[in-house]
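Quick heads-up: it's one chain on its own, the form predicted alone, in structure tokens.
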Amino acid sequence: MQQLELNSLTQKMPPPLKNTVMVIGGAEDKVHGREILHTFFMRSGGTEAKLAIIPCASREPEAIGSRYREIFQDMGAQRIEVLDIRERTEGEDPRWQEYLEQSTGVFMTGGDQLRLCALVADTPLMEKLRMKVREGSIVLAGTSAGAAVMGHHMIAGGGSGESPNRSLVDMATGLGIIPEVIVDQHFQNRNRMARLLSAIASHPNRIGVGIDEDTCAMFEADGIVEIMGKGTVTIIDPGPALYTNEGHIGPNDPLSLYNLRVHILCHGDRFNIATREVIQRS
């Protein structure tokens, strides 16, 4: 066993967010109350909203982009553009950068997170989006694959139904919107606790965030994460006292992890990402 020497997140954390980032576990209600999507719409300006939809995680970007366009049109958005990116070079298109400059909300759809990152990571378009999120002039939402890419370290794939082990999770580099977290989606619905634990064992200076379907973790400007939706959000906080055998075993051997803190949060619960504390309901 080894005690991990954790680097201080405080030294590495980016400046605080100045607007909302909505991280959605996938399969959000698109038909009935549409609570999560309506919240994104309202926080982006309501009927004054100028929205950009990025559907390139999907292998059917035109179809999924049109679906979300119809939803937000029904809500009354002033203008909606689908940034249908099929090649990395399109991330340099000045037309889309100009539209992003005027946008009040950006929605990244589901699909394949590796595909999404391959097409937009490190492009001028993504650098523009990251800058606007940080300066607080835009609301960003991502669902399913669009949620998985939020951290610097990203779960690209993996299995379920096993004990935690290194081979259970495939990691890649995400978009770094909220670099201090590792996000997993469709969480309880697809039994993904073991793979998120496996990811945290490899990256113990990050916080694991597992989000169920039709559930959203809203990262607010004040560093508070508020939960909304029908399911739960699982927070895995390794903390400075974490012990793991991760560095001394084979890829298929079971992992030991000691001294984790695990929180299960539901609609209305809040968590302070800086202090790593649940905010008690009054």
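Keep in mind that this is a model prediction, so the values were computed, not measured. Numbers follow the displayed sequence, beginning with 1.
There is another form of the same protein, the form predicted in complex with a further copy of the same chain; it is not shown, and what comes next is about it.
For the residues Ser137, Ser160, Gln78, Thr173, the 4.5 Å heavy atom test against a further copy of the same chain in the predicted complex is passed only by Ser160.
The partner is absent here, but in the predicted complex a heavy atom of Asn191, alone among Gln73, Ser167, Thr89, Asn191, sits within 4.5 Å of a further copy of the same chain. Three-residue candidate spot Asn245, His263 and Asp269; every residue lies within 4.5 angstroms of a further copy of the same chain in the predicted complex by at least one non-hydrogen atom. Contact with a further copy of the same chain in the predicted complex, defined as any heavy atom within 4.5 Å, is confined among 47-55, 65-73, 31-39, 230-238 to 230-238. For the chain shown alone, Asp212 is a contact residue for a further copy of the same chain in the predicted complex, at least one non-hydrogen atom being within 4.5 angstroms. Contact annotation: Leu197 falls within 4.5 Å of a further copy of the same chain in the predicted complex, judged by heavy atom distances. Contact check for Pro254: a heavy atom falls within 4.5 Å of a further copy of the same chain in the predicted complex.
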